[in-house]
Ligand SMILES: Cc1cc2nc3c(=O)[nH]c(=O)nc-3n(C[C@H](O)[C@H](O)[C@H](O)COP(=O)(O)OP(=O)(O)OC[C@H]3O[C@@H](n4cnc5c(N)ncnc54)[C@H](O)[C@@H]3O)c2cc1C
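Below you will find one chain, with nothing else, as structure tokens; this is the form predicted on its own, and questions on how it binds or moves follow later.
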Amino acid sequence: MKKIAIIGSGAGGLITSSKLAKDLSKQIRNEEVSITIFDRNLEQEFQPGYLEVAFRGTDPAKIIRRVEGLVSPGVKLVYENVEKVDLADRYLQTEGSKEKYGFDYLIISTGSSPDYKQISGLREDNMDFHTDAYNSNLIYQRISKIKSGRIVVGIAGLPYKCPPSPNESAFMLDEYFRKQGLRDNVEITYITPFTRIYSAESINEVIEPIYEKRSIGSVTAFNTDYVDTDRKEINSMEGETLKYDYLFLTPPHKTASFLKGTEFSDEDGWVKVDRRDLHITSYGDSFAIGDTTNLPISKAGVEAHLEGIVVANNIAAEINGMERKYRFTGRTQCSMETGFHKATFVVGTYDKPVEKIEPSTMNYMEKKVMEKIYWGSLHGHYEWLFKYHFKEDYFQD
């Protein structure tokens, strides 16, 4: 029996497992192949929905599903976190267990999470919309009580997932307070370590005028050093100081703890992979996808999705006695809501620079459609739509 182990039951792990289960259904029925997901989490959250929970008051329960209902037939679940992976001897161990789970193929899809330890004082005063649905809801409870004051949003440190989301938070806050008739009483300032409001120049050209039009302040090249909670000040490594009353910053992110110090990860714990077929350096039968890789691209769900399809196709092809031929194009497509039912998209590949796309209602509607089909997409129900939409960037063969 060929054993496929997947670490992580997030979007990447679920999409990859569903594709494998579909393409290898006959082998699974004949007990020639097994697919097992390892993850302690009982629930999966629609992470792009955190912004809606934080700044529009959406019920957190609406973006949460039980993992057991998201797993395709033929895929097994082990509700334990992995604490050790040995790629040379092809086994993994879960927390608190001495049992070794052997594998023939491994896919690491452990995502990333906020790391408050990097910035002193940040946890005490900051509220973020990247941790989970519950913490996102706390933001809405807070802003519902704000009548005036200085709000600072933006990027506290690198790397972080969902690149446009800090900008979206600034636009959505502006929209919220305008609708409440309080915008003149609230000062919104966006901070970023980049030298412009958005790192890609083409997108920056689109959104910088919106910042100016809506009187959203911005401070670029601001690398947060520490937060002085007594003085209500953010201090940068460049020596700048910024006053605040409320902080809604995106913290720097970290990888899963068991990956740090391994021979297949970099010094920060991000897994080193081939940028085209996602195999882990020096190990052709082990892969990593999504946020957990060291690839210089966005840490976002669409990347995990497209990478997972490439990996699943190649593993299935090899098990079926065919040559691996599928390659990831580096495609990114992150939506950026600019408020008042308009949005743009950050679209690019390894070989194509990020496009300049003006915000529109149509883009906003497309974003909403993707939200509607998200849960079904984890089962692979809409691959025909993704293949049509992404065309040659869906994958290369």
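Residue positions are given as counts along the sequence shown, with the first one as 1. In this text, all values refer to a predicted model and were calculated from it rather than measured experimentally.
Absent from the display: the form predicted together with this ligand. The rest refers to it.
T110 is the sole member of N167, T110, N314, T192 with a non-hydrogen atom within 4.5 Å of this ligand in the predicted complex. For the candidate set I197, L87, A256, I216, a heavy atom within 4.5 Å of this ligand in the predicted complex is found for exactly one residue, namely A256. Heavy atoms within 4.5 Å of this ligand in the predicted complex belong, among the stretches 206-214, 239-247, 110-118, 174-182, to residues of 110-118.
Shown here without its partner, the chain carries S34, G74 and G308, none of which come within 4.5 Å of this ligand in the predicted complex through any heavy atom. Although the partner is absent here, C162 sits close enough that one of its heavy atoms falls within 4.5 Å of this ligand in the predicted complex.
Put simply, L92 is far from this ligand in the predicted complex: not one heavy atom of it is within 4.5 Å.
Contact annotation: N41 falls within 4.5 Å of this ligand in the predicted complex, judged by heavy atom distances. In the predicted complex, this ligand sits within 4.5 Å of a heavy atom belonging to L51.
The partner is not shown here, but in the predicted complex the stretch 1-18 reaches within 4.5 angstroms of this ligand through a heavy atom at I7, G8, S9, G10, A11, G12, G13.
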